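Only one chain is given next, in structure tokens, and it is the form predicted on its own.
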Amino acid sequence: MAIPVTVVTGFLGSGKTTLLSRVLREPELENTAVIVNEFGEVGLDHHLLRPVAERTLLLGSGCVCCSEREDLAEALGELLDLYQRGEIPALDRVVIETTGLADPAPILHTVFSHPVLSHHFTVDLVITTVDAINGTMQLSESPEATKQVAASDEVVITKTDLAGPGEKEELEARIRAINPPARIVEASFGEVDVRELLSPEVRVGERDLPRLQEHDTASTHTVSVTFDGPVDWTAFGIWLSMLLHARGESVLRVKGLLDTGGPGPVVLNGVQHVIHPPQHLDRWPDEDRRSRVVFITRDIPEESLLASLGGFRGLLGARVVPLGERVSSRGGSS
């Protein structure tokens, strides 16, 4: 079984290390190795984490999302080698703490595309910390912060004890507008339920998705769609590959459940150019057996995305319908 890799990202000062310092004390994470990436010649965070995670490595002087991906691959390879030679008694999980300006997508690409690592590691979660005090401002002004939230499976709102009236609610609304399927968890001083935090069972079907939300953060669009029948998996894969080839940098996130006519859906999960290996479930997670796919994009308006999918209708075998628009029957909606 592949070793899960959890990416913990978040803007500068949002509380990544505080969160990890707390959760790494839990027995469930006893056999966890931590890779800390920091800017600058002198790292600090790995010193703070080493007392709670003995196997803590530092990747300094650059960001693993851009200049240091070879170092990341080497660090993971070193951990794997130590584990296989028995010098590490157990390796249940690897946590990668990114810099505050990291884009998570290249990190996922490093794990999924490496000819050796891809057979031994899999990214199970992207967790993003957002500061309750400064998060709304950072999401408005920083494309990096928006990318981090868009790529996340779970968003941990930190410093909630310091938030003023309405600040947390405003931030939650902004996060929901960027990434509706993401699970939002609150944490002050890193206090959070570890089992809940590390559960990979986040599914789009667990919550209703809005049809469309737009906000004023760097032209980010969130579009949720369904189809009026089962979708041809091969055709959808071709369409998605063409979209990512042409506009991959603008597709911040793709996530959802796709009805391909089988007993269960296909789980879609991608960040920019990086698509997780599709997971074919043997049953649906709830009573709703419609396809539900959310696209979080930058500078790709809803109508363009829908028109592109509409052009593939003949090959897909089903018509795309914005989620929230009631489908009455194949070919009709109201």
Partner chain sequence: MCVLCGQDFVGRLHWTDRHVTDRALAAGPASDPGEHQRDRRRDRAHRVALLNGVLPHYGLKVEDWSGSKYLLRDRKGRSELVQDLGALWPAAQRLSGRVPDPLDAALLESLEGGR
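These numbers come from a predicted model, not from an experiment. Positions refer to the first chain, counted from 1.
Omitted here: the form predicted in complex with its partner chain. The next part is about that form.
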Counting non-hydrogen atoms within 4.5 angstroms of its partner chain in the predicted complex, say which of 173, 162, 246, 137 makes the cut. 246
Pick from 124, 186, 232, 71: which has a non-hydrogen atom within 4.5 Å of its partner chain in the predicted complex? 232
Per contact check vs its partner chain in the predicted complex (non-hydrogen atom within 4.5 angstroms), the hit among 85 to 93, 236 to 244, 126 to 134, 191 to 199 is 236 to 244
If you check in the predicted complex, is residue 308 within 4.5 Å of its partner chain, heavy atoms only? yes
Taking its partner chain as it sits in the predicted complex, is residue 278 near enough to touch it, meaning that at least one heavy atom pair lies within 4.5 angstroms? yes
Does at least one non-hydrogen atom of residue 166 fall within 4.5 angstroms of its partner chain in the predicted complex? no
With the partner left out of view, is residue 300 within 4.5 angstroms of its partner chain in the predicted complex by any non-hydrogen atom? yes
